[in-house]
Each structure stands twice: as structure tokens, then as C-alpha cells.
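In the form predicted alone, a lone chain appears below as C-alpha cells.
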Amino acid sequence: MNRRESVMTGGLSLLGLAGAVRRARSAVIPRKVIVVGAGISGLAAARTLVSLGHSVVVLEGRTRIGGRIATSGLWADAPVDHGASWIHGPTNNPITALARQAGAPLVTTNDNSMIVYDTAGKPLDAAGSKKLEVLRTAIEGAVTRGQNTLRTDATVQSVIEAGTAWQGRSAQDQSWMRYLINSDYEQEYGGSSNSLSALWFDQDSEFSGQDLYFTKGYRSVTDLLAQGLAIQTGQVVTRIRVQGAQVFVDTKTGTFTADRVVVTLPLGVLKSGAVQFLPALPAAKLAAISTLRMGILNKCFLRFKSVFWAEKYDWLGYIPALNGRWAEWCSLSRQTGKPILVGFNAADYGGQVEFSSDAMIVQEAMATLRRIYGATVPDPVGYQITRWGNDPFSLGSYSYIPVGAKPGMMDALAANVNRMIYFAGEATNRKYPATVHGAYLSGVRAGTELV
């Protein structure tokens, strides 16, 4: 993307934070702290606080830890992650160090290892592949020009249409460009191109290096962080109250009292109003909660008796007749040694598909695969489906910046309230939003900030 900068040296992520913890420990006043949420940001905050000498209790609404890191053990010989699956940019990434500490087996997934099929299910030939890249270049150029010339914000879609003579293009051009917009923008950020801010959608930074996949599941990292922590699951928080020098956290089963609280609720839950704050949160924080949005990226894992697809490619692209439907697939056969495909649906269709039955979702997925590989493709022997938008403990996959919002709103979301309520989570990390490493670093930041 145009504004996204690659972080080539990120030693400060670990060494700098370790130094901050050492400095904070020297001036610590032991406190009783409640951490709301046992996702990776909550676990990181709790471990940081415990290391600084605080007494910490983590309250988690789910009956498991991990939050949007959710490793499924349904297939005992092939754990798959319903949520986060990869370390995006492993070089100097703090999650890489944690994964190694946990002894998690990792394999690379090559973003450039991809085959694309047209709407009829035929692989693009050399001319088709060249044309697709020409269209991609035109789209990227339109976005860059828009970012350099816009005086007021606009949607990514409108900027692309204005900068590529969209209305004068052929139906095939528009179909292929819709595929590229879905694959390069909507799948990446989770938001519709009709919602993403053209000015700010890609303001984030990233670490460098080939993405790494957890062959035994991402939960190895959260399990490592959770070791030794006092965690209570099944505690659904309904209200957070500050009275004098105390914080009261009400759940559906009781009330917990502490000196401070760290809130790591996902943006979607904050937006829902499921948790009440007394006194009310500051206006800037409420504006950030209401304006920033949660994107959707859902997965459909299909397991077969044997591999029938182009196994030498990590990624399979399909240019659908209907925008955004079953356009992106990842083969997990090389990574897991099992005949597993995962189809991704993001943004608008990613949300719509959540209201379909499992049978209908599998049927639609198989219709796409049979269009590509033929009518004789067998039914899967198993499937797993995610519905992150309807998960009451996340209400979305990860945050994004819509048109009209600004990156500073993430800073407002991260700001503490009267040094009593602290906030963490991927949506509070302006530099690395929508990532596991961003969530983790936000938890460490909140923990050290509390001191």
C-alpha cells in the first residue's frame, strides 16, 4: 500500500519495552489491578503489571482465553486458527520472539505464490496475468494521486473510480478491478472500499519478512503469556464504575474491586454499548469509538480426502461474477500436510455470509471450487466456519479507518481516563492496528503507562 512503511529494524519493540519495564519497576507503587479481557493485549498488560509487582486479576467473558486468537482443536491432527493465523512480518516482530519461546512450529506462506482463475474458472494465461497487473497498477496510481490531491476525505472506491476512468471501462475490466479491490484492499483491511478512508486507510506500519504460519495453532503464544496469571473466564463485564480512588467492575456474576483497571475490549464491543462506564467516557474517546469501525474477515475451512487443487501455490484467486464472493483462498496442504483449503470472505459479503446456514456456506464454496476444478470435485469430509461479526465478544474481526475518521482517533481510544481506566487492544495501536503484534504492544504500553 502507498503510505504503509516497512519497519526494517524493530529492536526497540523488545529492547526498548524491556528498558521501560525496568525503569517503571524501580518506581512502582503496588496496586490491585483488574484487566478486562484475556486476548493477547490483556495478557500482555497483565504480565507487564505482574512483572512490575502489581496484583492482577484478568476477567474474560468467554470460557477460553485468547480473544480473536482462537485455535480450533476439532481436527486433532490439524489445528486451525479461526482468528489470527500468521505472524505478519516476522523480522524484529515481538510475536516471533514469543513464538520461539513457546516452541511453536512455524512455516512461511509465500504471498507471491498465487494462481488466479477467471470468472469461467480458467487460469489466467500470460496475457491475462499481464492485464491484471496493468489494472492493479492503475488502481494503485489512482489511490496515490487521490491521497496526494484530496482536500477532503473520500472513499477508496470513489477515488479509484475517479482516477481510472471507471465508467468508460468494459464490463470485464470493471469485474477484474472489483476483484483486485477486494483482494488488495477489502481482504487486507476488512472494510468495504465504499467505506475505507482514501486518506488514512493505509497509514499503519509493518514489519518486514515473509509471513509465518502456526502449524499447531496460534494459541501457543497466548498459552505462554497466560502462564501463572490469575484469570477468571465466564466473567461477562457489564459495567465499569470509578468511585473515588476505587474502580468497581460489575459482571453478570458479581462485582470486583481494584485500584485501577485496564480495558482491552474490542472496538466492536465498545461500540455496542454492552459495557457501561460511570462516569461516562470523555467526548474524544466516545467520538473515536463511534467513528472508527470494525471490519469483517471470515473463514471457511474445507477438509478433503485428498488434494485436487494446484498444490504448488499457497494462494488461489478467483474473479467472481458477484463482487467479493469466494475470491480468495489459501491452500494449507503444504503447511499442515493435510488436504485443507480455507476460503476468505471480507467486508460486505463477509458480513452477509454470516447469516447463511453452514450448509449454504459450504454449498457456495463448493460451487466456486467446482467451477474451477470441475464437477467431479468431491464434497469435503469436514468443515469449520467463522462468524466474527456475530460473536458477542468481538463483534467484528479488526478495526479500520473509515471515511471521515482520522488516525488520531486511535490515540484518543488509547488514552487513559484520569489515570484510573487504561485502554489497550489492536484498535488503540495507531502504528500497528488490526494485528496481533499491535495488540500485544498495546498491552505492554498500557501496563507500563499505568505505573
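When you see a residue number, it is the position in the sequence shown, counting from 1. All values reported here derive from a predicted model rather than from experimental measurement.
The same protein also has a form predicted in complex with a small molecule, omitted here; what follows describes it.
Asks: Counting only non-hydrogen atoms, which stretch in 142-150, 321-329, 357-365, 260-268 is within 4.5 Å of the small molecule in the predicted bound form?
Replies: Heavy atoms within 4.5 Å of the small molecule in the predicted bound form occur in 260-268.
Asks: Only one of I401, M410, A38, I34 comes within 4.5 Å of the small molecule in the predicted bound form by heavy atoms, so just point that one out.
Replies: Exactly one residue meets the criterion: A38.
Asks: Can you pick out, from L297, V247, A99, L281, the residue that has a heavy atom within 4.5 Å of the small molecule in the predicted bound form?
Replies: Spelling it out, the residue with a heavy atom inside the cut-off is L297.
Asks: Is Y383 one of the residues lying within 4.5 Å of the small molecule in the predicted bound form, judged by heavy atom distances?
Replies: No, Y383 sits far enough from the small molecule in the predicted bound form that none of its heavy atoms falls within 4.5 Å.
Asks: Examine V436 and determine whether its closest non-hydrogen atom to the small molecule in the predicted bound form is within 4.5 angstroms.
Replies: Answer yes; at least one heavy atom of V436 falls within 4.5 Å of the small molecule in the predicted bound form.
Asks: Check P90 for me: does it contact the small molecule in the predicted bound form (non-hydrogen atoms, 4.5 angstroms)?
Replies: P90 lies outside the contact set for the small molecule.
Asks: Does the small molecule get within 4.5 angstroms of any non-hydrogen atom of V221 in the predicted bound form?
Replies: No, V221 sits far enough from the small molecule in the predicted bound form that none of its heavy atoms falls within 4.5 Å.
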